[in-house]
Every structure is written in C-alpha cells, then in structure tokens.
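Presented below, as structure tokens, is a lone chain in the form predicted on its own.
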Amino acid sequence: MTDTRCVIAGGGPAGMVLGLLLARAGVAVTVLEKHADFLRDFRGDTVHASTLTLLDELGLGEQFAALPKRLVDHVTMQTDAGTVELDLQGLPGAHQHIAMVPQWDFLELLATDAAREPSFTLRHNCEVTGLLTERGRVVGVRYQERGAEDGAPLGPERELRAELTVACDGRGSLVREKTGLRSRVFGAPMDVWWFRLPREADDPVGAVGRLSTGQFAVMLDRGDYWQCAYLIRKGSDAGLRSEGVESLHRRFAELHPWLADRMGTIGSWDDVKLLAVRLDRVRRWYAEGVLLIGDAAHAMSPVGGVGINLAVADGVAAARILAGPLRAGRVTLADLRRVQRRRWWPTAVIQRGQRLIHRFVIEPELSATSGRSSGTRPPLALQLLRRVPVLRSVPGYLVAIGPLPEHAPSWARRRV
C-alpha cells in the first residue's frame, strides 16, 4: 500500500491538468489511468483559445506549437436559405483560433512535463474499482492493475490512500457512482455518428456545418481528412443502421454533393462510431474526501466542442483552490465547495446555451420531413447572425474562450 496526498482517477484533460499543477505546487499526486497509453480515438480533439493561453502561461506553448494540428479561425454554417460565417479572428489575446490536435498528443505533452516534477506519478493500466472509506470520509481508492495491453485480465485489488480523491473518470464515472452523488439529467434530442472522409487540397478550410431538410452535419478540417459528425434523432441508431451503410452514403451526399464520390471510403458500419449524447450536471460535486470535476461532474453536449476546455478549466480552478489545503494536509468540505462554486456557473451557462440550441435549432431540424421546401428559413438564431454581423463574435467568444476562463496560478507558471 502506497500513500499519496491526492489521487486522481482518470488521465484525461481534467486529470492531467490537475495533476500537473498540483505537482508544480509540490503536492504528492498520483494519476491512475486504466489504459496502457493515450492512443485512443477521442473524437473531440479541439483545444480552444482559453486552453492555448493556459499552455503559454505554463511555459508549454512552444511544445504545443510543434504538435501536428490544424488551426480553425472561422466556422461556416450552410443552410438552404444562405450561409452564416462565424469569425474567430476578433477574439482577444494571442490565440484567435481553435486548434485541432490529436488528444493523445495533448495528453502526452502534459504527462511528459508533469513527469519532471518529483511529486508526480502517472500509473497506466490501473483501473479504479472502489473507494476506501473511514468514518464516512473517502480516504483513497481500490484499484486493479491490468496487463501490458488493454483488455488483459485484472490483477489483485490494491489500495492507495490519499487525503483527497478526485474523480476525472468521465461521464460513466465509477467514483461518482460509489459516492452516490446524483445528476440532474437534461436530455438531448440527438445522438451523433462520427466518421472520416478524405480531404483534398482544394476543399474548404476550417469547420463547415450544414443544415438542411431534417439533416444536420458538421465537418472539421483535420488536414488530410474531414472529421465528420452527422446528427441523428436520439435512439434511432439501430433502425438507421438496419437500412445499410448505403443509406448514410445517400444522406450525406444530399447534404454535401461534392463529397458524393468519397462516400465509398465508408465501407461498413464499423467505420461509423456512435456517440450517445448526454447532457447532465451533478447537483453536488463533492463529499468528504472526494471531488468530481470534468465530465464526471457535468457531461456536455458536443455542441461547440467545449467539453475538453471546461474540463481543463475545472482542473485549473481545483488546483489553485486546493493546493494550499493539500500541502497543509487537510482538505475540508468548505474547500471543495469553493471549487464547485467557482466552476458551477460557467458550466450552467454553457449547458443552458446548449439546451437552447438543442430545443430551437437541432430538434426542429431533425424532426423536419424531407417534404419541407428547400427555401425554408433557417432557425431564428442563424437569421439574427446573418442580419446583425456584430453578433457573430458572441458565439465565437463563448465557444473559444468561455464565460469564465481560468489562468495558471503564479506558482505554476514557467518561463520558456
């Protein structure tokens, strides 16, 4: 049995940022990641302007700039009644764009830098299986080690004691389940099919959305391929797949006729991944000795691609608030409450915006029939953006920076 001051369940963006910052504060921190490495298809690989600024403050800007990526500085939304352009080049600060970068590269960058701190430990192939409790307080975790490859049998159960346990283990959080902390579920009208299509040199650049007669898709420029998100009505996945993959070829080619000759690269449904969209928020993010952040505390809709950056902001705020109490050796409920109070309202604001988009944009479009006239007006929000150009900076700011961007504490900053 090994002791640490803080144990983090999950090595995603929230867990790795929190671990790095706590280590820079001199706090003994251990991250338990159940997979053998970070090489997985995360689908949402957006790093927004607020996170890019944070990396600069941490002295990691140059290393991030060297990673393979695409910079998106505008978003094009095409409707049957016209096109709306959202420009990010008016954002304040040095980063007037969103970076599309493989999330495994981003996480590896954080892990490599954190490993330079003597108080940081990252343990791969370690899956949290339960919590240790004493007198009603969480005092650590139970975990099991996997073999060298994902899917290998679990080893004997071990214990890791800690002053604070932080759940960064995603929307299916086991730590949240074990604590009994309950979520408020808002529901969502859609699920998402994710797939890739080849991209050619003379294709459009940036992010391209298409809204038409009961269909909605977004394509993200990843350099040599398009990362495509095709929205379907909630719960309709099985029925649509029963029609054969050719139905997807036909539907997507209707939206983007210029991609019709590339749809054959989707050879079977194995090339199409389903994201079951979930939107919820835990009512209380903490209990004695345990804190939830990131998707474990609030599952986000893919609208705006903001989930990663909210998770990063949670990690920064938690580190700034809790580094002192952790160094002192005692974290109270009041300390944990401060983290939720700091991060609750920006999360609620973004989720409210996502719910409005679900209700007034996505749900009406997905419910529309193919008999609708192609001249039908776009949703009111898009009409306003077309008619009042100054409003186009608002969604860009909310997505790329957010209502409460978090900055690195002074003690965590490094000069290049």
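All residue numbers are counted from 1 along the displayed sequence. Note that the structure is a prediction, hence the values are computed from the model and not measured.
In what follows, reference is made to the form predicted in complex with a small molecule, a form of this protein that is not presented.
Residues in which of 125-133, 234-242, 330-338, 84-92 have heavy atoms within 4.5 Å of the small molecule in the predicted complex? Heavy-atom contact with the partner occurs in 125-133.
Considering Thr46, Thr30, Ser50, Gln351, which brings a non-hydrogen atom within 4.5 Å of the small molecule in the predicted complex? Going through each option in turn, the one that passes is Thr46.
What is the one choice in Gly155, Gly170, Pro325, Gly209 with a heavy atom within 4.5 Å of the small molecule in the predicted complex? None of the other options qualify; the answer is Gly170.
Report yes if any heavy atom of Ala14 sits within 4.5 Å of a heavy atom of the small molecule in the predicted complex; otherwise report no. Because a heavy atom of Ala14 falls inside 4.5 Å of the small molecule in the predicted complex, the answer is yes.
Looking in the predicted complex, any heavy atom of Trp194 within 4.5 Å of the small molecule? Yes - in the predicted complex, heavy atoms of Trp194 and the small molecule come within 4.5 Å of each other.
Is Leu275 near the small molecule? Define near as a heavy atom within 4.5 Å, in the predicted complex. Taking the distances in the predicted complex, the answer for Leu275 is yes, it comes within 4.5 Å of the small molecule.
Going by a heavy atom distance of 4.5 Å, is Ala319 a contact of the small molecule in the predicted complex? Contact with the small molecule, no.
Triplet Gln103, Asp295 and Ile308 all within 4.5 Å of the small molecule in the predicted complex via a heavy atom: Every residue of the candidate spot has a heavy atom within 4.5 Å of the small molecule in the predicted complex.
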